[in-house]
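A single chain, nothing else alongside it, follows as structure tokens in the form predicted on its own.
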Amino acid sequence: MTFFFAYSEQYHIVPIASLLHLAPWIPVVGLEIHAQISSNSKLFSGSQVQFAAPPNSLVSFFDASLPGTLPVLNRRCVEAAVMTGLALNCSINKKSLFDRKHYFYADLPAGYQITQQRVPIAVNGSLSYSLCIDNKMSQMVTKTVRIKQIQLEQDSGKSLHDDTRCQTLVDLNRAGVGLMEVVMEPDMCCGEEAAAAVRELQLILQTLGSSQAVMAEGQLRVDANVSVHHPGEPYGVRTEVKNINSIRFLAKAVDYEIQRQIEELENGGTILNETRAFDSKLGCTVPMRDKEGKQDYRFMPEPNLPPLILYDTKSLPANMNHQQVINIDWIQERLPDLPSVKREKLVEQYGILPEHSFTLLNEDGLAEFFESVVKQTQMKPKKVIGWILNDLLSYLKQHSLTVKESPVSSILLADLLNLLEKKEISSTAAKRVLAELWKGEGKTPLEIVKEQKLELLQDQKELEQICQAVMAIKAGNRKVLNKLIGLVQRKTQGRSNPVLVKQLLEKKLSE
């Protein structure tokens, strides 16, 4: 074995190995994402799927694992998985297999979970996502994470811990609900990248309709695998941060775990191969259980389910009933425009900036709201986008409202912008009208303008008198023209036409 040495400032010979801790650390982040499939019934039973239903009210005999019950595969769940795989550039396996993953827990009545360990439904895909550089929307970089596989599997029930009575209650409503597990390779290096990748995946799932992906309802749950190592060294020991249910918490959890591991190693400690949870109140990860004694899940083929066979147009037998099979090509042809394509179309069609297209799609329903306003107003889209992002969106966020909950509809905003575009009101007056519209009193922009007398003054003689009065304050000073215009606007309560006022003031100053 060859050893390398370096000289310190005191000219003592020291091994390079002792200086390794000075080298930069490279974080490595991989993700496992469980997305609840948007389906009326569960993966292998006819039980209804409904959020916040009374405990144990949606449980079939199969879900409760009563003897003699058999699984029946839900076609909708398979189609959703194929659709998702195609959207993520995966290869769809025409033959996939189901397996049993054995482990004992109270909310898993059968003692095993039906999943796809050996041959999943989709493999070898990729997901491109964009993130800002230094939090600047105008500077964005696109990155790609590899998708290892997508597999179908059952969800487990839910354990409800009652600390007061020192007991645990089990709700099996969720047991057997169809999930897609999307496994991302460790191609990310920080919380921001992980959050951006999950957000893009969430948008894709919602666009496809394969999952509603509402994290607040547990429909999208993320497990983050995090490790750190020095350049040129093998990957370090990884920890798994389980069940993160918020994109913001995901970024915080990953960044905290990276920093924790670096500090632990630099202080001479070791990283345990353990499962941790993110405490959102404390802003840190806490240990759950270690994985040193690796659990044997005793995977075995599911004896009650045959191989899942899919077809494409070439392999579909001529005498086969098309309604009884799933055609990959048929699903591919019916894929909707994905978020990346929608952004390109928004930029091309309306001439808006690329970063604005990201904001429009990141807020649920905002792109549709924007397009509806554009169709109903004479104002150019580049001006409309300013009102949407700077005024509408900021108000909604300030009051924690969604676009659908906005008291100002697209019709009302379009009417307001039409008044502004026709120069019937000033931009100052338009903002006052918008403030009134937020109250949701059912008034139209025109009614508010008339009530508060916010129309632009078009009477030249009246404006000349006002300008003359203002000129008396700042007599003969050409450098304060903009201030003079502002004084006129104040005098008229924003009702004067700035262009006409400027012309009159210039005329007065030149006399």
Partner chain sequence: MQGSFTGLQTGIGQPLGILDGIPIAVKDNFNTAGIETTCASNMLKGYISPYNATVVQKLLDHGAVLLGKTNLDEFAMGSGSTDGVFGPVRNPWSYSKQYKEKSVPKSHSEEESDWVITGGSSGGSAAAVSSFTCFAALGSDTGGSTRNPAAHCGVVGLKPTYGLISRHGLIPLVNSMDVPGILTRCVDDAAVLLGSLAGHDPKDSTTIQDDFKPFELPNLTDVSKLSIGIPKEYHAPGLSSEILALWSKAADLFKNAGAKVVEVSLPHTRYSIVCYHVLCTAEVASNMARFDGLEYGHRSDMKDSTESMYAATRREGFNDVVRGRILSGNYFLLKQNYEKYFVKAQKVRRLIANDFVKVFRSGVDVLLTPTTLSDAAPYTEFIQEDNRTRSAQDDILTQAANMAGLPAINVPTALSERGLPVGLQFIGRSFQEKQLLTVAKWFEKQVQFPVIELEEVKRHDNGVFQHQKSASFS
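Just so it is clear, the structure is predicted and the values come from calculations on it, not from any experiment. Numbering follows the first chain given and starts at 1.
From this point on, the text means the form predicted together with its partner chain, which you will not see here.
This chain is displayed alone, yet in the predicted bound form one of 69, 452, 38, 444 has a heavy atom within 4.5 Å of its partner chain; that residue is 69. The listed set 287, 306, 365, 231 contains one residue whose heavy atoms approach its partner chain in the predicted bound form to within 4.5 Å, identified as 306.
Contact with its partner chain, judged by heavy atoms within 4.5 Å in the predicted bound form, is confined among 102-110, 148-156, 180-188, 243-251 to 102-110. For the three residues 64, 296 and 324, a heavy atom within 4.5 Å of its partner chain turns up in the predicted bound form in every case. Remark: residue 301 counts among the residues lining its partner chain in the predicted bound form, judged by a heavy atom distance of 4.5 Å or less. Although the partner is absent here, residue 127 sits far enough away that none of its heavy atoms falls within 4.5 Å of its partner chain in the predicted bound form. Remark: residue 172 counts among the residues lining its partner chain in the predicted bound form, judged by a heavy atom distance of 4.5 Å or less.
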